[in-house]
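Next up is one chain by itself, shown in structure tokens, the form predicted alone.
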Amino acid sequence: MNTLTFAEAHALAQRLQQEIARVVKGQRAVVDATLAALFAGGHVLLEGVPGLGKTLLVKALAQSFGGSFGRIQFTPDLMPADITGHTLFDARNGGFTTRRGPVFANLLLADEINRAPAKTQAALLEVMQEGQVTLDGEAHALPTPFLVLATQNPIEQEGTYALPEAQLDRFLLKVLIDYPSLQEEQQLVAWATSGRSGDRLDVSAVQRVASAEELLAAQAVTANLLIDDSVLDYAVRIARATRDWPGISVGAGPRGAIGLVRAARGRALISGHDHVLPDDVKAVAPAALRHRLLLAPEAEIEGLTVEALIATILERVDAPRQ
């Protein structure tokens, strides 16, 4: 396995940012959050309306390190075997043949995951947790690195199956993807309509600047970034504060605190810190916690939001002084 120094891993992160920016215009925060999750070895739940470049982001990221890309459009009739694969009897040779599903890819876009029934959602989330698929009693390891970007559409709820909180907890980050700014959208429209016809997503401008082995080495660097005890304590205090905060009926569990620290390490690598800062923890806290909290009914009646409550918690929980 390759090994990288911190400086080499940070330079790799910068190269990935630059290559993705060739085709993904704007959405810098979403790109950085996705890369932070990738370096931290976690998965991302993206919430946003269609047409904001989610598929383009995943294809561009796969192209940047020569990884494989898979996409599953979740529908009410999607079965677990449609994701993981299956074995079938081949009459020609009198034996069973294994057909692997689309989950066998480095990067998987699970589009509108909340449109599939719970059994199918659970199949994907189990794969995310275990990193392998069992077909006919035989375990098949997924390629590494392995990152799932699952999407949810926040405006069309008819015919959807909400993800249970226990399953939401499996995602390292929940990232909200919004419309680009006016300037970013102007650049996007100019790029997408200049000499191009049709709606096919073109990522040919993205150069391969890393390998899967280098990404695994960067993940190892990220996992070993230094974090001072006081910063670790800060992350834990933030997670614990959600458990008895007015307006929150269910707060983040220990997995939330773990996710907060892992994501903060990913951000530190991208930002060029060889150790985790309190600002890294604070920056990733909304994405690391928002899907792990449940609003109390009275808070919903008052019009409070999870975002506002997390912001208040971050204001009230004292950060360590460096």
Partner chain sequence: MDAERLSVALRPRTAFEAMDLGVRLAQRAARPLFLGCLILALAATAFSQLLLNYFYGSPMLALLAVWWLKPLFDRTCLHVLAHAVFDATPSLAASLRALPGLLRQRGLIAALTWRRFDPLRSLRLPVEQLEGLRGRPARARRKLLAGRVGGAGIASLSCFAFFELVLWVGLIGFVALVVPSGDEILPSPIQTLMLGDLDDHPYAGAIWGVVYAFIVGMLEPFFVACGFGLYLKRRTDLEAWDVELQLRRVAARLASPLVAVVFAIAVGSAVLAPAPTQAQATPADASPPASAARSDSAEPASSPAAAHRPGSSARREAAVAAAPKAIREVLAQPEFGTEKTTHSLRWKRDEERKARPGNTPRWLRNLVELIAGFGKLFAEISRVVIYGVLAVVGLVLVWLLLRQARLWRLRRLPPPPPAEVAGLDIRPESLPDDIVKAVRGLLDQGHQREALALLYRAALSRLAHRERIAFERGDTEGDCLMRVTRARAAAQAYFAQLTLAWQRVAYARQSLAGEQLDGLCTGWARAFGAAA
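Positions refer to the first chain, counted from 1. The shown structure was predicted, so the numbers you read here are calculated from the model rather than taken from an experiment.
This protein has a second form, the form predicted together with its partner chain, left out of what is shown; the following refers to that one.
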>> Looking at G42, P278, G48, G256 here, can you tell me which has any non-hydrogen atom within 4.5 angstroms of its partner chain in the predicted bound form?
In response: P278
>> Can you pick out, from A162, A81, V236, L226, the residue that has a heavy atom within 4.5 Å of its partner chain in the predicted bound form?
In response: L226
> So which of 8 to 16, 310 to 318, 295 to 303, 21 to 29 is the stretch with heavy atoms within 4.5 Å of its partner chain in the predicted bound form?
Replying inline: 310 to 318
> Would N153 sit within 4.5 Å of its partner chain in the predicted bound form, counting heavy atoms only?
Replying inline: no
> According to a 4.5 angstroms non-hydrogen atom cut-off, is S211 in contact with its partner chain in the predicted bound form?
Replying inline: no
>> Does any part of R262 reach within 4.5 Å of its partner chain in the predicted bound form? Heavy atoms only, please.
In response: no
> Is M128 close enough to its partner chain in the predicted bound form to count, meaning some heavy atom within 4.5 Å?
Replying inline: no
